[in-house]
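We begin with a single chain expressed as structure tokens, specifically the form predicted on its own.
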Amino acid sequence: MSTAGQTERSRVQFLQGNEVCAEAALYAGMRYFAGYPITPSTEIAERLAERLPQVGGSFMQMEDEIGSICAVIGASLAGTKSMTATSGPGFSLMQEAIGYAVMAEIPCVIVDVQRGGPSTGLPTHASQGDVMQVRYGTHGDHSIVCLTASNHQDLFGIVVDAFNFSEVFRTPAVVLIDEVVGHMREAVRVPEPGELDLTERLLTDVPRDVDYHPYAPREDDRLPMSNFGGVHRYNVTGLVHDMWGFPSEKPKIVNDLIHHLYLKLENRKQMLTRWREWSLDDAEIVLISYGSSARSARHIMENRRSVGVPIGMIELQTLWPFPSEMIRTKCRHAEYIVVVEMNMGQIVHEVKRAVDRPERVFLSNRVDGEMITPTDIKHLIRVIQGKGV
């Protein structure tokens, strides 16, 4: 084997999805992780406890999930790309601090490896019940970035994207996977350094002796940062604030800031949207799914198409901001749409809002802790076709 072939082969690793999250974060430049062990995300912390010191980073096990997200926010403000990882109960505890990061516009990444709920629920079983919590878990009007993947190679790139989006928009970004993706193992080719684009922190060029406005946007709407504790003094608050970072109740400042927090993401859906698609050109039935559910959906799509059923599929990799225009366009000619997810129906409602004929949208779901199967989906398709609904 040639040297090039040996090098390429050495970049292929057999990893859990949780381990992929850790390695992709390191690739993206993450050098600080604070977390608290919780099933089924614990392997992310375990991997980074070993790997971060090897690359000059810092790992800290905190006393709980609240401390974890607060430590990550502080490290990010000080200039370090930072991340935490958790599951549903811990993600619930993080919501107030996530809202703080939204308001104060602090980049960070949170990985949520979903398990059954509510409460402690099913710690070792699969679920996709946190989708709406990501979007609306913290109070107030805002938008959020949420990415997901069904396979490990895509997951690597999605984690890198999460860090890039977090830096570009100065916002927390959530990587939402589930227990199946987190714990299964697949071969993953780790990209060469420089192969994937990385977005670094945009630092202000304002001199030390000139006023620095931490919330004054450039012409391209990006907000340059200054490492907290560095050359500039400025205020950081969870209150509505002016361009200096000081609290304000002036209606115009309040209005402008809330619109900014919402529209800086919602107006850039095209940039933020990631998806995969199969066989949509002639599809009368379109499956829409995400995470591990998409693996079963793709299996039945390929199976049914092989016997002549005109069926296609969209795998969502961006859940928030929801890519409504893409869904509307891709599904315009579909006779039926089947949303496949492991919850009581969360994304299905967003799909119904997006398409022209919501009465033609159906839910194939499972909420018993078991992964939804191709057979589950096939049964619903047969019912739809048999009744001609």
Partner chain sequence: MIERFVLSGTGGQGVITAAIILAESALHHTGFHAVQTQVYGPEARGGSARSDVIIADREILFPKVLEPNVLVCLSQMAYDRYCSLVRPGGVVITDPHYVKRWQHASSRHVEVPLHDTAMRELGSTQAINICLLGALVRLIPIVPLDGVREVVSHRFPERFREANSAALDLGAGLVKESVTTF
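Numbering follows the first chain given and starts at 1. Because the structure is a prediction, the values reported are computed rather than measured.
Beyond what is shown, the protein has a form predicted in complex with the partner chain; the following relates to that form.
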query = Each of Val12, Glu302 and Met371 near the partner chain in the predicted complex, meaning some heavy atom within 4.5 Å?
reply = yes
message = Please pick out the stretch from 282-290, 88-96, 173-181, 211-219 that is in contact with the partner chain in the predicted complex, where contact means heavy atoms within 4.5 Å.
response = 173-181
inquiry  = Test of understanding: in the predicted complex, would Leu203 fall inside 4.5 Å of the partner chain by heavy atoms?
reply    = no
ask   = Is there a heavy atom of Lys264 lying 4.5 Å or less from a heavy atom of the partner chain in the predicted complex?
value = no
query = Closest heavy atom of Ser296 to the partner chain in the predicted complex, within 4.5 Å or not?
reply = yes
message = Is Asn365 near the partner chain? Define near as a heavy atom within 4.5 Å, in the predicted complex.
response = no
request  = Go through Arg233, Lys250, Arg185, His259 and name the one with a heavy atom inside 4.5 Å of the partner chain in the predicted complex.
outcome  = Arg185
key: Listed residue that, although the partner chain is not shown, lies within 4.5 Å of it in the predicted complex (heavy atoms), from His241, Arg268, Arg135, His125   = His125
